[in-house]
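Listed next as structure tokens is one chain, alone, in the form predicted on its own.
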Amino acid sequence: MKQYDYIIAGGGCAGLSLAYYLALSSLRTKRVLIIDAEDKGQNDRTWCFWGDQPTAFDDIVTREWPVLAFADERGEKPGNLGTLRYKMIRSADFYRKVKTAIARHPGFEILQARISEMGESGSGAYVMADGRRFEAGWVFNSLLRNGGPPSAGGPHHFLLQHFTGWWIRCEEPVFDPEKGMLMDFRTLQYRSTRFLYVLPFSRHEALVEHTVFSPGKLHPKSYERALEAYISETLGAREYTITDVEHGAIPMTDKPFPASASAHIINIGIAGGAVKPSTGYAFSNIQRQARQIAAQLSMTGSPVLPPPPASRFRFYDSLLLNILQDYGEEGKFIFGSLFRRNGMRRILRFLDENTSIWEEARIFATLPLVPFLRALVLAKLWPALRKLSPGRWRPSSRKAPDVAYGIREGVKN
């Protein structure tokens, strides 16, 4: 058994971000163990975020965009971001930067092993990995335990934001490298919310992703055929080469993620609720979380997570998830109203949860009323009525399409 000051369970974005900030702090002489089942080094994902302030990772930003656009059958609506920039980081560059930083400190170790158990111990907490026991004063866990993210149950909702992305090079100049496409709904919806996401790097190169909000993943052919149709029919690219492929699935749920698993095991990243439920964005929240933990450890010796956002934002997320889960095809109409009747900067501030109640009221006034009223009744009022009078009230909401629907659709198309 080996003793450490800190163990970081999981070497993805959250775990390595925390290790990076620890390495920059007065805690750089501590003994830190990072455990992950994979040898992180390949480009296995990309992270995007926006802001107008310098960050610790600006030197590895692959590309940034001053304009974001929305599109549907009514056309395209671009929005200038002013001083904001929408930025992308490739994971291979992130892994390289963090590993280079922590390699300067002999107390930091990376172990490739599969974690099977963790719990409290006399010295703090322990982790079992490949049959070996490691102990530390604190364990920071970014792994989704017990088989994965929480499932829907009771008043909570659960969706996946799942996607396949192609890095393509076109023979013809079809992209505007200064403009990212945040949502393009010119694709079939199949009773779920589906859109294309395009980030150009030049007139000829871009990342094009087919993204779906639904309870389960689709058949692989569904993503591929949607990408083929969009690239050839909407973008008008007759000849192109796929240079890389990425896949992903991000949990979108209003079921709370606990801040800690026990007294000395602190959850971080997705496991610690860093993903915004209604959008799937997490990189900026992860950075705030990791910086806060490192700073508090330096000052007091105990980790303190950032305060949770105002409860009204979780209420907004819950209403939207209710709509997307049971009436997924209405997502296109809702997002269309949001983007066509509000400026892009206001929308990004709202998604960052930096708006006032008055600003939020103005945004909600631009959205269709009926879906949100229905969600309010089904998600909030109906459960309350059933508790008051059990057996009297019967649910009447439509059942959402399941995974099999997506698979059948993928095979047929």
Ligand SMILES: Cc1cc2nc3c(=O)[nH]c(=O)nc-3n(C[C@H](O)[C@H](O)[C@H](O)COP(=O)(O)OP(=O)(O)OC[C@H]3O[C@@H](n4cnc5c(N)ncnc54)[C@H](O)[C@@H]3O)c2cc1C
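None of the values given here were measured: they were computed from a predicted structure. A residue's number is simply how far along the shown sequence it sits, counting from 1.
Keep in mind the form predicted in complex with the named molecule is missing from the figure; the text below concerns it.
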- Message: Is the named molecule in the predicted complex close enough to I115, H247 and I270 that every residue in that trio has a heavy atom within 4.5 angstroms of it?
- Response: yes
- the named molecule isn't shown here, but in the predicted complex which of A294, I231, L143, L338 has a heavy atom within 4.5 Å of it? L143
- Task: Identify which of W167, F333, F283, F158 has a heavy atom within 4.5 Å of the named molecule in the predicted complex; exactly one of them does.
- Result: F283
- V67 within 4.5 Å of the named molecule in the predicted complex, heavy atoms: no
- Given that the partner is absent here, does L22 sit within 4.5 Å of the named molecule in the predicted complex, heavy atoms only? no
- Task: Give a yes or no for D59: in the predicted complex, does one of its heavy atoms lie within 4.5 Å of a heavy atom belonging to the named molecule?
- Result: no
- Does the named molecule come within 4.5 Å of any heavy atom of C48 in the predicted complex? yes
- Can you check 366-374, 29-37, 349-357, 59-67 and let me know which stretch has heavy atoms within 4.5 Å of the named molecule in the predicted complex? 29-37
- Task: Can you tell me which bits of 162-178 touch the named molecule in the predicted complex, meaning any heavy atom within 4.5 Å?
- Result: F163
